[in-house]
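Here's a solo chain for you in structure tokens, the form predicted on its own.
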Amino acid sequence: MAKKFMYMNTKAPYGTIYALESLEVVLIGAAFEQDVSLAFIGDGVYQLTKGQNTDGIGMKNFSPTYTALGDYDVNKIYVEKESLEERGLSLDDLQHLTWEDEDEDWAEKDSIRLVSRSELADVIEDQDVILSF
């Protein structure tokens, strides 16, 4: 059985290279058919917000790349509910990320799973490898 890899995203999307590096590593792992999931906690939830504009900071906006995750069969994206609430955000503030379920005639399904802190702890406990960015 394949090992389960979870990528923990805890940093804001810009100002450091962690968010971009995490996304690149996730895409590489998924391309090699790893069982990949992502968790967004703390300021990491900002990585998934809609309408990011990086014009003022001179960095490339890589947030549209998250929409490609479903094409790589990355469909387990956990967002910690408390982290959203602490930042005045809701699920509606995040990009709509989906994947197509070939077992259900390619039905489009949501990739984001809103979970509580305790639910996320249970998911993390079930992983084989955890990488924090």
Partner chain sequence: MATLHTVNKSPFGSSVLDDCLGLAKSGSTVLLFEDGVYAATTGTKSAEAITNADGITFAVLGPDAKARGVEGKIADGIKVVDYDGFVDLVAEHDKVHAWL
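Just so it is clear, the structure is predicted and the values come from calculations on it, not from any experiment. Positions refer to the first chain, counted from 1.
Quick note: we don't show the form predicted together with the partner chain, though the next part is all about it.
- The partner chain is not shown here, but in the predicted bound form it comes within 4.5 Å of a heavy atom of Lys50.
- Taking the partner from elsewhere, Lys11 is found to have a heavy atom lying within 4.5 Å of the partner chain in the predicted bound form.
- The shortest heavy atom separation between Asp93 and the partner chain in the predicted bound form is within 4.5 Å.
- For the chain shown alone, Ala68 is not a contact residue for the partner chain in the predicted bound form, no non-hydrogen atom being within 4.5 angstroms.
- Proximity to the partner chain in the predicted bound form holds for none of Asp103, Ala107 and Ser111, with the criterion being a heavy atom within 4.5 Å.
- Contacts with the partner chain in the predicted bound form, taken as any heavy atom within 4.5 Å, map within 86-115 to Glu86, Arg87, Gly88, Leu89, Asp93.
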